[in-house]
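Below you will find one chain, with nothing else, as structure tokens; this is the form predicted on its own, and questions on how it binds or moves follow later.
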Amino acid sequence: METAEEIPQTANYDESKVPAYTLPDPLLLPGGHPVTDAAAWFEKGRPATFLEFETLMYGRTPSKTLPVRSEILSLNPRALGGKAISQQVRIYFSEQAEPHMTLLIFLPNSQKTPVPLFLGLNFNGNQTVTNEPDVLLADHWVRDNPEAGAVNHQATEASRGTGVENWQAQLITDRGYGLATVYYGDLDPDFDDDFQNGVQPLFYEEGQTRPAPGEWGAIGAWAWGLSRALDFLETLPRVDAKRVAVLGHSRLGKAALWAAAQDQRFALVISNESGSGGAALARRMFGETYAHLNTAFPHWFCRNFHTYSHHDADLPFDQHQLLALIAPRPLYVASASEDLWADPYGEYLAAENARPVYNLLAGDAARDKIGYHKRPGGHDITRYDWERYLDFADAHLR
């Protein structure tokens, strides 16, 4: 089987070759009736838009309630050089040991009242987020990367701290925020295993062996895990769970957006270079296409979405409408100038074309509720990005 890197990645990077297109009006119902006030948006417009994304792209998240339980694994009151308290929590989704996810939390010692917090999934294990020696190694499948300490699909001690620059725990806690993260492979390993090794089998009906065509893929499972992490954060007296920002980079930015679309408890939403199937407009046919998404990563979206490979413009919606599902909560979309695969201009246009819904719901305050930046460089999440997110959170969560 070809890896994602081996699959041909034909893409347009020429603005002059972007086809003419018309974006769906986010304030028109499927029958053509306009949404003219906030009540109509929440009663009709938002449910109709959500249903399209749920049915045709991300898939329906099962409504079954699991017997979730948690176990405190460690508590370190002197983390990050004594400036923070860290906590590791294992969250089980059944009476069995597997599957489970491990939540790593940092809270600033300088704050005596409940703090706002950033929550996101990480790519290679909680141990990569920090140099703290007590943080446990990921105990599920990880993508091989010997240079980064992932060998034979297992995390090794050599991976500790390799993602410090991407997570900036010291900066975040110094600014008075908490940080919480989960390894995304705890929820569903990021390879096409026919949905046998993640959380999906917990929801199968008798005789079912994989999600139905309109049911969730891996992105849906990762998004579901973010909400389960928020469930636990709501139990912590030192966290203000009404001021939790959810964020993600790349494919995990897609998951963060879908989590926030489903779960309106998330108070602020950040997409860092989430690209195709995330914050970037599909109708531009710039950068990654649906055909590549569904070929390289057939497990990410629901099977209904595969129908639109090579037919990106045939979907009845585009990604500005996903961003509109966040309204009126603050939304930040970030791009990088060299990350053409994720279509920076398409991400910007999606944010701008979500504004009609923000204007309808927030009036004059809508102007500041959508943030955007494009920094120099490539596909990454950097200290510069975090500084912008912290400034945006200061404006909306303080």
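Computed from a predicted model, the values in this text were never measured in an experiment. Numbers follow the displayed sequence, beginning with 1.
What comes next is about the form predicted together with a small molecule, which does not appear here.
**Request:** Sort through 291 to 299, 233 to 241, 105 to 113, 196 to 204 and report the only stretch with a non-hydrogen atom within 4.5 Å of the small molecule in the model of the complex.
**Result:** Heavy atoms within 4.5 Å of the small molecule in the model of the complex occur in 291 to 299.
**Prompt:** Of 284, 320, 140, 251, which residue is found within 4.5 angstroms of the small molecule in the model of the complex when only non-hydrogen atoms are counted?
**Reply:** Contact check passes for 251.
**Asked** Since exactly one of 92, 123, 308, 191 fits, which has a heavy atom within 4.5 Å of the small molecule in the model of the complex?
**Response** Contact with the small molecule in the model of the complex is made by 123 alone.
**Request:** Answer for residue 372 alone: is it within 4.5 Å of the small molecule in the model of the complex, judged on heavy atom distances?
**Result:** Contact with the small molecule, no.
**Prompt:** Are any of the heavy atoms in residue 379 no more than 4.5 Å from a heavy atom of the small molecule in the model of the complex?
**Reply:** Looking in the model of the complex, residue contacts with the small molecule include residue 379, since a heavy atom lies within 4.5 Å.
**Message:** Would you classify residue 348 as touching the small molecule in the model of the complex, given a 4.5 Å non-hydrogen atom cut-off?
**Reply:** No - in the model of the complex, heavy atoms of residue 348 and the small molecule never come within 4.5 Å of each other.
**Request:** Using a 4.5 Å heavy atom cut-off, state whether residue 341 contacts the small molecule in the model of the complex.
**Result:** Heavy-atom contact with the small molecule at 4.5 Å: present for residue 341.
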